[in-house]
Each structure stands twice: as C-alpha cells, then as structure tokens.
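Consider the single chain below, provided in structure tokens and representing the form predicted alone.
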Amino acid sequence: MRRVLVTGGGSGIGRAIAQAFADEGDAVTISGRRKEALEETNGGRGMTCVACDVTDEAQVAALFGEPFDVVIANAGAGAPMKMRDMPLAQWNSIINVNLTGVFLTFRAALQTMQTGGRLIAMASTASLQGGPNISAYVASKHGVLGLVRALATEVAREGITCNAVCPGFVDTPMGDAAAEGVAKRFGISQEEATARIVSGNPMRRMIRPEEVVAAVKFLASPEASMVNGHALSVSGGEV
C-alpha cells in the first residue's frame, strides 16, 4: 500500500486525484485550508484530512511525520488582472501559493522520501506559454516547471522522480470561475465565455478531471520510473 499526499485536496483536480488513489487502496492524506471541504473529499474513504496552508513552512513540515511514496503538490490559486493594475500583495499571494508552496512541499517530502518516490507538481499549460491578464499565474507556473526540471536532476540518482502535469482548462469550480470572469468582463453569456476560453484547445471542450487523474496515476506508477523532469501536457493539443 502506497502512502500518498495530495495538497489542495478539498476540491477540483485535487479532489479527483485523491479519490482515485483512495479507491485503488492507497493510504491517502489530503491537505487544504478548509477542513470541511477535505471531509467532503474523503466521503468515508478513510483518508487522513489535515488543515494546512502550503505557504506556511511549519504547517507543511508537520505533514511529513512519516515518509510518503507519492507527493502531489496540487494546491494553487489565481485571479485575472491586468499587470498594470495588479497590487504587489496579489502578486505575492499567487507566487506564494503556486510556487513557494510547491517548494515547501517538495523540500519537506525529500527529508524522508525513499527510493522509488514520486514528486508530481500540478502545473498548467500556463507553464508552457503566456496568456493575457494572468501574468502572476503564468510566472508562478513557469517557476513550478523550472523547479521540477531542476529538482529532477538532483533526485534522479536516489531513484526518485519529479514531474509536472500541465492541464488546460479543466471542468472544475476553478474552470467555472474562469468562465464567469470572462463572461463578466466581456458582457457575454457563460456558454459563450466557456467557448472562448477553450478556443485554444483543438478539441474545443473542457478537460475532464479524470483525464488529469490518468496522467498523474501514470507518473506515479512503477512504469514511469524513467520519466523524470517531464511536463506532461493534458490539453487536447493546445500545447
């Protein structure tokens, strides 16, 4: 039985990942800021739920009393805004959650992780290309991919791999919020907004959470032991 940690496990992609591993019999720990959301994710599956802010060094360190076999740094945040209007506090907040949170999670994991361990960061197609009005998010996700590529070279001889999954827009509450933001900004319907944000995806649809889960499960598998420092795009060919 593998021990698996999923940060940001209270909703969206993190919830889908955690439930998939738990349903396969793994011992899953989920963390997030809202304990009630974690309990909803658990849903009687026997997961360990830990309230944790990934930007807090001490709280992250406390997650790792015992070694994990698979650590999925999924916690993330973002809010659209033109760079010229962005307060420094918002920039720092997004960088702290999306990039520093991954650093703190992976650094703590490596204190106890054994040979065969898997470090997986939830990046984004925004780690592979730019986009308007999301400069902080893009910068943070580019940073995540750089961290993954660097760390992969550090841990390779220990038999540990470090990879990133890079989805486009996923059919989750965060994806819905993105569409709502576009609808409000341009005065269009939610349906029109959704069509606009998926227009870069050749398949012209939102990505299903289970499609992201499948990529994560592969990178966590023994068969992926020679996949290291990789950015696995789940985007229908967008990137």
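The structure displayed is predicted, hence computed values, not measured ones. The first residue of the sequence shown is number 1, and the count goes up from there.
This protein has a second form, the form predicted together with a small molecule, left out of what is shown; the following refers to that one.
Enquirer: Given a 4.5 Å cut-off on heavy atoms, tell me which of 174-182, 187-195, 22-30, 63-71 is the interface stretch with the small molecule in the model of the complex.
Expert: It is the stretch 174-182.
Enquirer: Is Arg45 near the small molecule? Define near as a heavy atom within 4.5 Å, in the model of the complex.
Expert: So Arg45 does not count as contacting the small molecule.
Enquirer: Is there a heavy atom of Phe106 lying 4.5 Å or less from a heavy atom of the small molecule in the model of the complex?
Expert: Phe106: no contact with the small molecule in the model of the complex.
Enquirer: Using 4.5 Å between non-hydrogen atoms, is Cys49 touching the small molecule in the model of the complex?
Expert: Heavy-atom contact with the small molecule at 4.5 Å: absent for Cys49.
Enquirer: Can you work out whether Ala75 and the small molecule are in contact in the model of the complex, taking contact to mean some heavy atom pair no more than 4.5 Å apart?
Expert: Yes, Ala75 sits close enough to the small molecule in the model of the complex that at least one of its heavy atoms falls within 4.5 Å.
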